[in-house]
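Let's start with one chain on its own, the form predicted on its own, as structure tokens.
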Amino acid sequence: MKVAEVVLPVPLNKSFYYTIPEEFKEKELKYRRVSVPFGTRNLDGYVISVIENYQQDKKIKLKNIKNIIDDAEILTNEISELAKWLSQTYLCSIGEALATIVPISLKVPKKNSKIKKKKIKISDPNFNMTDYQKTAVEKIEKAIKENTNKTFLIHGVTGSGKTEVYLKSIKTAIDNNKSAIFLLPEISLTPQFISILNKRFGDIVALWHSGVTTIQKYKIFNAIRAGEIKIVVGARSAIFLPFTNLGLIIIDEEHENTYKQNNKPCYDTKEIALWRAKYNNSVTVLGSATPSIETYYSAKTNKYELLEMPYRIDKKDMPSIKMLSLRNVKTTVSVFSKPMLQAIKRALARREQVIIFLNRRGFSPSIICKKCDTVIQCPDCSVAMVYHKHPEHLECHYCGKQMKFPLKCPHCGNKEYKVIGMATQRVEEDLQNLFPHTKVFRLDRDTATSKQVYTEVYEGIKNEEYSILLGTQMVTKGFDFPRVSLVCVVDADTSLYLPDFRSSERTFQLITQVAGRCGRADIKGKVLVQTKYPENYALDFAQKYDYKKFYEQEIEIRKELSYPPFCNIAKITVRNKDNQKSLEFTEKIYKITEEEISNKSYPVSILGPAQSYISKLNGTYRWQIILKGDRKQLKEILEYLQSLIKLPSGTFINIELDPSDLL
């Protein structure tokens, strides 16, 4: 009897078998998606094999495949192997892994248009490269040509020419009949880079991110498999695209935590890249002015080859960074201190452009009753509701819940509130009052509602339609605007003292990265940073652009406290609408885990149970346990836990290996 072996995107690490109806028996089913009955519903799954002579258990009646989704294979042998590795590494089922690699949501076009033959037109401008650029290009090119599986870390200051090294390396891959994946941390950067890549490589380039339609993604899939698309630029999910002759993977701004997937499976894009590079005997290039501590440690211990690019092109000076202490400054009407306000005025008077950075959207982080000091909180989360002025409402930035501005305090009935703190809408209002004839573009999650916004901001700033770019973390990454002479960091302290071992690292990275957005052409750059803690070592080393000194101090702290890269971490989070039930189940897991560690004599430390930094989220109370130790032993413990525990009704558990944070 001929049956199809199907895996489904459910948390069951097993295959399911379905009979093949007569009308499908002549079709090649392996590596296609199919629709099948599963319990009382229909699910879409993946055929991983077809068994010609299946020995059926007479007690079990197999069901028929309902429908075939794909006209041709959508999986490859590499994708199949990658799914197995993903399942083992990130503790998910193979079906869940495949659903991450090849989403079920990919839609087959109604009219399957033929793939147009694309011509490779490579333009290679003859730039005068620095010696550091030449060395980097030569080493990467050599590895690509020799089919050597090698990982390079380009540690280059902002403006040192990393992009040109990437482009030369891509050209080498294409010249050697190979393909390239170019990953970016934010889709806001894709208009800038797709423009550059199209000019260099013509129409063999495709764009891939969440803004691309599911039908268009299916067409890109087909074009990649047909060998018509050779280069893809995109966000983290582009790492899974089915290139069969992959020669180069570039991860720009490799330190960004957007390369970590926070939903199951909680994968790390860099690890996927290294796996695929090994499978294809290809090259991985990681680039950053502020590499993650773990990545730089891997380079210093010769796991990766370190390529330093310590100077800007033409040895232009880095922008000067000045700390403006807010410690003894009394609250003023404006969010800007006097020195910052004067600097903005001078830059605008010279017809230069300004970037203003504040990593908080909305108008104000909280509103407080003037009479009883009650903070209006989200009913479903243990956080303050953020005040948005345009349009006026309160919003939780964690669960998305919105409500009207309250007419009276729910605690005392008072009708007057204080608006506390600052966010991007308030800064925008300040700017409009101070500079009424100056055009400001605000880029945050509230304004970036479509992919056209990113093109608008890129073109608008580049063509000098806007004098000020104001925004959250989106404005710190990768933008290259020659007329920007001043960067203002309104509040450097938002991430500085969070209860997470990466808080200092993230602050150093943010300040250094946003500083790099100015002074990139012929105009000298200046950066002003408002902070209450100017003596903090992360800010001190950021002011001096001294990554190496920051790394040396941070790596000693990590070693002393036993944090990555000196160990691996697992975070177990338990959720339940009942706080007591959430705590009790977390304590049960803690006890089982502690016994397993003791029985196996593993050198693994266990911290907790403790309430998560945000103790209530989306109506559920969260408790967590942190494990620190060797990754192999952590996986064994977590697999043992998964095989043993049965979740009570209403209780949910999330397990992350090497999470992006401990909050």
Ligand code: ADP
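All residue numbers refer to positions in the sequence shown, first residue = 1. A quick note: this is a predicted structure, and the numbers were derived from the prediction, not measured.
If you look for the form predicted in complex with ligand ADP, you will not find it shown, but the lines that follow are about it.
**OP:** Using a 4.5 Å heavy atom cut-off, state whether residue 161 contacts ligand ADP in the predicted bound form.
**Re:** Within the cut-off, so yes.
Original post:
Can any non-hydrogen atom of residue 127 be found within 4.5 angstroms of ligand ADP in the predicted bound form?
Top reply: Residue 127 belongs to the contact set for ligand ADP.
Original post:
Is there a heavy atom of residue 502 no more than 4.5 Å from a heavy atom of ligand ADP in the predicted bound form?
Top reply: Heavy-atom contact with ligand ADP at 4.5 Å: absent for residue 502.
Original post:
Is there any non-hydrogen atom of residue 426 lying within 4.5 Å of ligand ADP in the predicted bound form?
Top reply: Judged by the heavy-atom cut-off of 4.5 Å, residue 426 is well away from ligand ADP in the predicted bound form.
Original post:
Counting only heavy atoms and a 4.5 Å cutoff, which of 375 to 383, 413 to 421, 563 to 571, 151 to 159 contacts ligand ADP in the predicted bound form?
Top reply: In the other structure, the partner sits against 151 to 159.
Original post:
Only one of 236, 276, 520, 506 has a non-hydrogen atom within 4.5 angstroms of ligand ADP in the predicted bound form; which is it?
Top reply: Contact residue from the list: 520.
**OP:** Could you spot which one of 592, 313, 137, 583 gets a heavy atom to within 4.5 Å of ligand ADP in the predicted bound form?
**Re:** Of the candidates 592, 313, 137, 583, 313 is the one lying within 4.5 Å of ligand ADP in the predicted bound form.
Original post:
Taking the shown form as reference, are the C-alpha positions of residue 126 and residue 485 brought closer or pushed farther apart in the predicted bound form, with a change of 3 Å or more?
Top reply: Closer together, by at least 3 Å.
Subject >> Distance direction in the predicted bound form for the C-alpha atoms of residue 126 and residue 141, relative to the displayed form (3 angstroms or more) >> reply: Relative to the shown form, the pair is farther apart.
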